[in-house]
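To begin, one chain is listed below as structure tokens, in the form predicted on its own.
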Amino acid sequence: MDLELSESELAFQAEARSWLAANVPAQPLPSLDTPEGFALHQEWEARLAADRWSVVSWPREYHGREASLVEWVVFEEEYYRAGAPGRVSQNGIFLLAPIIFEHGTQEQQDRFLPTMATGERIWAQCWSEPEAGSDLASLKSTARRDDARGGWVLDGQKIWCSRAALAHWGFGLFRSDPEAQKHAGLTYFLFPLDAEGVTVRPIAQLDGEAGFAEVFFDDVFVPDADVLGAPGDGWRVAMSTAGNERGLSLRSPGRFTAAADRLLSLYAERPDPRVADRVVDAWLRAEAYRLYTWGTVTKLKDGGDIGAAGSVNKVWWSELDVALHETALDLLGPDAELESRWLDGYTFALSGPIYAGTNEIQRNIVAERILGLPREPKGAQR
């Protein structure tokens, strides 16, 4: 693993650092789960895109810089170090876009990627269902063929759809062949959330803001042009998305190393020997995640892939995020009620071990696919 940056990578880092220093808002933006905050975050995405910083690894024709994987990680580290706003376009650029690049048609790439890069169109992830959370393949929402109109008709319900309360489009799986086996007969659809027959019902989070929504589909027509990948091949397409969500791309190490550095600064302001060991432990775990990520980058550069190791990443960063924020709140004591940044971060961190596939599911994947342990007995899953 090479931790030394080349001259061109150092120049990229310096340019990113300079731009962020000049452009990051002096005051944190309102929550992106409020209408006001959502609009301001869209403006931030547009500002990033104007100077090609919103999707640095994408082709230039789609507002990118064609940055290498190393440069992408460098940018993420600089982004979080600068205290830049959270990405309201996260579902689109980190989860959906890699799939559109891999499975989408040229027409879909040209139609969807530019507005995704600029933040003009924000995407919601519509995967979970009331009876299909981590067991995604058990979903019951259906898609039936409509040859006369050249498309499909969607029915059913999705829940815990992130960003759906304010987003413009969604993506998700539907069962298009009820006779097929569990993981077959699924198709991946893209759909506008204001289409006829779509009902979006916001779900308030612990902080009272609607970061999620349940979405109901009642005879919603989707043309063939908005099917991602081949009909019936949705599971394979979706697994590409899951790998991105659990692995490298969603939770870059910069987010956690920046939080660990803020935790050290907080401890310097409020030294408390009772919490000192936990501060050190959290910082070391963040640094370990950073080094592990650079090891993954090296592996990918050498032609390898992440595979099931994405599940290791997911368990690690989600539990690290909780530990960082719990330690900060304990340092703050009663003042934590007045410190919104750490408190907001804590309430969000609590969801980490649940979304993107619960950590119980991820541990099973690690046990079975990496460690080679026997499969968990049927019926024993929690």
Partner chain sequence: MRFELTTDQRDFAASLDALLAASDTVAVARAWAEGEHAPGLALWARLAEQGVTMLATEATPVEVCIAFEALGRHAVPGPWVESAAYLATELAGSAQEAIASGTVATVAVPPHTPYALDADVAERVYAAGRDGVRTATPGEPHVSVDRTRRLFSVAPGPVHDTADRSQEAFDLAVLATAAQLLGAGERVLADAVTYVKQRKQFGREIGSYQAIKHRLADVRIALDFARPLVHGAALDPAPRAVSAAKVACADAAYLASRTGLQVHGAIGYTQEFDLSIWITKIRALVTAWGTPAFHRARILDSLVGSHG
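Numbering follows the first chain given and starts at 1. Remember, predicted model here, so these are calculated numbers, not experimental data.
The same protein also exists as the form predicted together with the partner chain; that form is not shown, yet it is the one meant from here on.
Visitor: What I'd like checked is whether Y267, E287 and E376 together line the partner chain in the predicted bound form, meaning each has a non-hydrogen atom within 4.5 Å of it.
Guide: Affirmative, all three are within 4.5 Å.
Visitor: Only one of 336-344, 28-36, 311-319, 56-64 gets a heavy atom within 4.5 Å of the partner chain in the predicted bound form; which is it?
Guide: In short, 311-319.
Visitor: Which residue, F216, Y80, F94, W283, is the contact with the partner chain in the predicted bound form, using a 4.5 Å heavy atom cutoff?
Guide: Looking at the other structure, the residue within range turns out to be W283.
Visitor: Counting non-hydrogen atoms within 4.5 angstroms of the partner chain in the predicted bound form, say which of W160, W72, W235, Y292 makes the cut.
Guide: It is Y292 that has a heavy atom within 4.5 Å of the partner.
Visitor: Would T298 sit within 4.5 Å of the partner chain in the predicted bound form, counting heavy atoms only?
Guide: Close contact exists here: in the predicted bound form, T298 approaches the partner chain to within 4.5 Å, heavy atoms only.
Visitor: Check whether I370 has any heavy atom within 4.5 Å of a heavy atom of the partner chain in the predicted bound form, and answer yes or no.
Guide: Flag for I370 set to yes.
Visitor: Quick one: does V366 come within 4.5 Å of the partner chain in the predicted bound form, counting heavy atoms only?
Guide: Close contact exists here: in the predicted bound form, V366 approaches the partner chain to within 4.5 Å, heavy atoms only.
Visitor: In the predicted bound form, does E4 have a heavy atom within 4.5 Å of the partner chain?
Guide: Yes.
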